[in-house]
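A single chain comes next, written as structure tokens; it is the form predicted alone.
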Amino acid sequence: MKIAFLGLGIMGRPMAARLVAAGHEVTVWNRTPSRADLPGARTAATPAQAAAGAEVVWVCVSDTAASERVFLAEDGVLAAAAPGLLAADSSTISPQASRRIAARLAERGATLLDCPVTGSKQGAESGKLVFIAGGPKEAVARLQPLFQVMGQRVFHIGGNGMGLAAKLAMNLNIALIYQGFCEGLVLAEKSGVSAGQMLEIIGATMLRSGVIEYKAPFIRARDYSPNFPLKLMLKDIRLMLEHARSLQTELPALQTVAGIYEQAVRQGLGEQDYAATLGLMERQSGLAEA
């Protein structure tokens, strides 16, 4: 396929690289031009230039404002959208904003599928992402060859915005599970139980969690290099709270966790992995990081 891939960040670059390796004709654009190089792909100066003549536009950017810019700016995808264009947005953004973008594209005869991903950096590099899609079934079917290159499974949830709604609910669980783990680990450490012992206990009992199993090697090494930057988890938490308000739904536990992430960003941890909240709590509790 002729594909425009917009956004070459932690997730976007390995996703686009897999499409190139699979033999697709890929043109890339990145907000920071110095990071727009991708072996085997053409480089475009603007989203519109990348999208011109493309069958599929794939977007993976950091937040709602960035997605709106890519699609709706004067030099955005909308300016080059032709009838039949299929756009897929793997950014985690506001469901309401995604629906507005879909409506604007529909005016030009183009279709938008919101398809945020889970699997982190390792999943993107290995082609084992899970996509959570919202939009027409026909769009999901058309994109199957590309989903298969980049991921291992696709969940089609419903219409536009529904993939994002499910992704926000999923990330809410991740944030709360990890925060519960941090608090339990700090309590254990303050009591004299080592982090390593607690990780073994968790792995052998009903406390086992995919979140903790994935993070365990990084936690043991206190390696907070970004797989999912803390600032982006905070962005998602804010989206969850905003979405909940629109549905007149209370999320009291998440409100508390949001405060912890805001404090972590104020202390300069935003570029680190969200796992760095453990280090923050250890320091606040008078524990030296192991």
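The numbering used is simple: start at 1 and walk along the sequence shown. Not measured: the values here are computed from a predicted model.
FYI, the form predicted in complex with a small molecule isn't displayed, but the following is about it.
Proximity to the small molecule in the model of the complex holds for all of Gly7, Asn30 and Ser91, with the criterion being a heavy atom within 4.5 Å. Distance criterion of 4.5 Å from any heavy atom to the small molecule in the model of the complex singles out Arg35 from the list Arg42, Arg35, Arg245, Arg222. For the options Val26, Val61, Val257, Met240, the residue carrying a heavy atom within 4.5 angstroms of the small molecule in the model of the complex is Val61. Residue contact check for Ala48: none of its heavy atoms lie within 4.5 Å of the small molecule in the model of the complex. At the 4.5 Å threshold, heavy atoms of Leu230 stay clear of the small molecule in the model of the complex, well away from it.
For the chain shown alone, Ala16 is not a contact residue for the small molecule in the model of the complex, no non-hydrogen atom being within 4.5 angstroms. Taking the partner from elsewhere, Leu251 is found to have every heavy atom lying beyond 4.5 Å of the small molecule in the model of the complex. In summary, the region of this chain contacting the small molecule in the model of the complex, judged by heavy atoms within 4.5 Å and restricted to 204-212, 155-163, 75-83, 91-99, corresponds to 91-99.
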